[in-house]
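Below you'll find only one chain, the form predicted on its own, shown as structure tokens.
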Amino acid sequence: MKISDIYKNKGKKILSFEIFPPKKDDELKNIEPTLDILSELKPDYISVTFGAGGSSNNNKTIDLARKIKEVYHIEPVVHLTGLAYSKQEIDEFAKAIADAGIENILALRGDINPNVPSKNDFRYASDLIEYLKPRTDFCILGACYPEDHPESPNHVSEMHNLKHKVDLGAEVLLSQLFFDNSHFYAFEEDARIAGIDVPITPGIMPAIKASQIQRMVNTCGAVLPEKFQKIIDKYGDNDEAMYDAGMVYALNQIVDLLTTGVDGIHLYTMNNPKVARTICDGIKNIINV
């Protein structure tokens, strides 16, 4: 089933998760305990991240997505990055994804990686969307950044580029993580004013380790609110306390988002089933109200 149809027909808030495939082929089975728990939580879909490098013939992302669909009967979304691939290679990936019975992809540029040479066919995610839309039958999802992409020159340019992405065929938008809901609300309002009318789902990553938080901030440019910085300052050296505080903070974010009326919640699980279960237990009675 296409993710766009889930948003149209569900009649309730959408719950989705992101996981990443193991680095080694022989570790694919080790993710089963995580998938067992995630499937119990009945998400509407699960997205699987994609690492640049390799080929369509031996791709753990596609293998894992197939398992999610065939074994767990949950719709998968395959992340597909374009920066490191040629048009011919993207054609091969698209065929492999379609042959696996997968109908949904998240089209991304991909991070610049000095160990993986960039190619010139897909410099931006919009290039990948423009190429795939007329050639495939995928439902194409896109990424968005409530605090603007770190490489964006300004907010006006950010909105223009996001509208262009949607006009080319992105049917659902998943947001990068953020720690201050006011940034998401302002972003969503600007997106609607810009004529972006597709579902926009906020992405939440519970920040449960101080070192992890700094890494996330450096990677995506998210701003740490003062109240969350106080949590890090007080509990950052105590793993158990930081876990509890980080989970409570994430739950408060999600409750506020649901109360305000977002399209759904996309949870970055970090392949941690305990995190996913704690979040879902905390919102199970409110997500569909």
Ligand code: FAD
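Don't overthink the numbering: it's just position in the shown sequence, from 1. Predicted model only: the values in this text are computed from it and were never measured.
Just so you know, the form predicted in complex with ligand FAD exists too; it's not on screen, but the next bit is about it.
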Which of 86 to 94, 205 to 213, 142 to 150, 188 to 196 lies within 4.5 Å of ligand FAD in the predicted complex, heavy atoms considered? The stretch 142 to 150
Contact check for 2, 169 and 172 against ligand FAD in the predicted complex, heavy atom at 4.5 Å: no
Considering ligand FAD in the predicted complex, which of 181, 118, 136, 161 comes within 4.5 Å of it through any heavy atom? 161
Hey, in the predicted complex, is residue 111 touching ligand FAD, heavy atoms inside 4.5 Å? yes
Is there a non-hydrogen atom of residue 39 within 4.5 angstroms of a non-hydrogen atom of ligand FAD in the predicted complex? no
Would residue 124 sit within 4.5 Å of ligand FAD in the predicted complex, counting heavy atoms only? yes
State yes or no: in the predicted complex, is some non-hydrogen atom of residue 34 no more than 4.5 angstroms from a non-hydrogen atom of ligand FAD? no
Going through 91 to 108 from first to last, which residues have a non-hydrogen atom within 4.5 Å of ligand FAD in the predicted complex? 106, 107, 108
